[in-house]
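Here we start with a single chain on its own, the form predicted on its own, put down as C-alpha cells.
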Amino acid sequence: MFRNQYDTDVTTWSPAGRLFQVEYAMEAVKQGSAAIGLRSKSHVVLACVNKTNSELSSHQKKIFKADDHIGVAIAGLTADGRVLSRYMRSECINYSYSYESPLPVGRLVVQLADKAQVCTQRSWKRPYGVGLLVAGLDESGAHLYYNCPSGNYFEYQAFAIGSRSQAAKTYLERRFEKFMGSSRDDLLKDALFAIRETLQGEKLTSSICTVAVVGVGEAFHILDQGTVQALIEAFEIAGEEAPASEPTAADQPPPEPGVAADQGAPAEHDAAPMDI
C-alpha cells in the first residue's frame, strides 16, 4: 500500500469504494506477533507468541482477563489492545453490578465492535490498530470471536491472527472438525502445535509463548511458564519435528513422507513480515 490522495482522512472514500485508513489499521494487525484461539463445547484456549524488541527488555503482555468468564488475546498495537481490554473489563463490572449476572459474551463483542466502528466514521479519530480474539463462556456455551479494526466481528471454531498466522490457520483448518469433541488437554496440545507453526523452525519454549484457558468449572486464567513447559515436554513438541498427531488426521496414513512434505510447505509459503 502506498500513500494517495484518499488516505489522509478515515472518512474519505476512494472512487473504488475503499477506506484506506481502515485498511491500514487491518494491516497493523498483521504486523503484530501471532495469536490463536480454539474452542470445544466446554473450553476455549488462547495462545500467543511473546516477542521482544531487545534482549534487554521484557515482552509486552498479549493476553488480558476481562472477567472470570471472558479473556482476550491481541495482535497489533499493544497500547490500543490495553485500552480496549480495560473497556471490556469496565463493561463486565457494570453489567454484573446492575444485573447480578455475568455479561453474555456476544453482547460484549457487539459493544466492542460498535466502539471500533465509531472510529471509522469520525474525522478526528483513527481506527484501533489491533485485532482481538475474545474467548468466553456463558449460558449458551463456549465462544470464540474475532473483532476487526473495521468494526466487524465473527465467531470462529478456531482462528489465528498476526504475523505468520497463515501457517497456524493451515494447521487449524486440517483439524478443526475434531475440536468440538476435544478435551481440555487436547485443545492445549493443538494450541501449542499451532503456535509452533508460526515460529518457522524456532524452538518452542514456555518463555516465548503465553497460554490461557477458560471452561466449565474453570475461570479464565493464564497458565504459568512451568505448566506450559511441562505441557510442551509431555506432548513432545519440538522445534523442527512434525506433530505426531498429524499423520492420524490425514485420510491416508501410510505415505508418511508425503504428509511430512505437505506439512513443510505452508511454513515456507507464509512469509509474513517480522514482528514490531
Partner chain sequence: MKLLDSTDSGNSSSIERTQYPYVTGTSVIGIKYKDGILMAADMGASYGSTLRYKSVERVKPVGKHSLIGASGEISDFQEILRSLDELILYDNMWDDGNSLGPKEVHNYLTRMMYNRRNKFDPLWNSLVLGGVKNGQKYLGMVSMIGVHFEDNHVATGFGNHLARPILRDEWHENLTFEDGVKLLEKCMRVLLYRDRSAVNKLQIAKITEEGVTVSQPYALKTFWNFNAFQNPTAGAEGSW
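Numbering follows the first chain given and starts at 1. All values reported here derive from a predicted model rather than from experimental measurement.
This protein has a second form, the form predicted together with its partner chain, left out of what is shown; the following refers to that one.
Colleague: Can you tell me if residue 111 lies within 4.5 angstroms of its partner chain in the predicted complex, counting non-hydrogen atoms only?
Modeller: Output for residue 111 is yes: heavy atoms within 4.5 Å of its partner chain.
Colleague: Answer with yes or no whether residue 151 is in contact with its partner chain in the predicted complex, where contact means some heavy atom within 4.5 Å.
Modeller: Because no heavy atom of residue 151 falls inside 4.5 Å of its partner chain in the predicted complex, the answer is no.
Colleague: Hey, in the predicted complex, is residue 104 touching its partner chain, heavy atoms inside 4.5 Å?
Modeller: Yes, residue 104 sits close enough to its partner chain in the predicted complex that at least one of its heavy atoms falls within 4.5 Å.
Colleague: Any chance residue 98 has a heavy atom within 4.5 Å of its partner chain in the predicted complex?
Modeller: Close contact exists here: in the predicted complex, residue 98 approaches its partner chain to within 4.5 Å, heavy atoms only.
Colleague: Where does its partner chain sit in the predicted complex: which of 158 to 166, 196 to 204, 89 to 97, 122 to 130, heavy atoms within 4.5 Å?
Modeller: Only one stretch passes the 4.5 Å heavy-atom test: 89 to 97.
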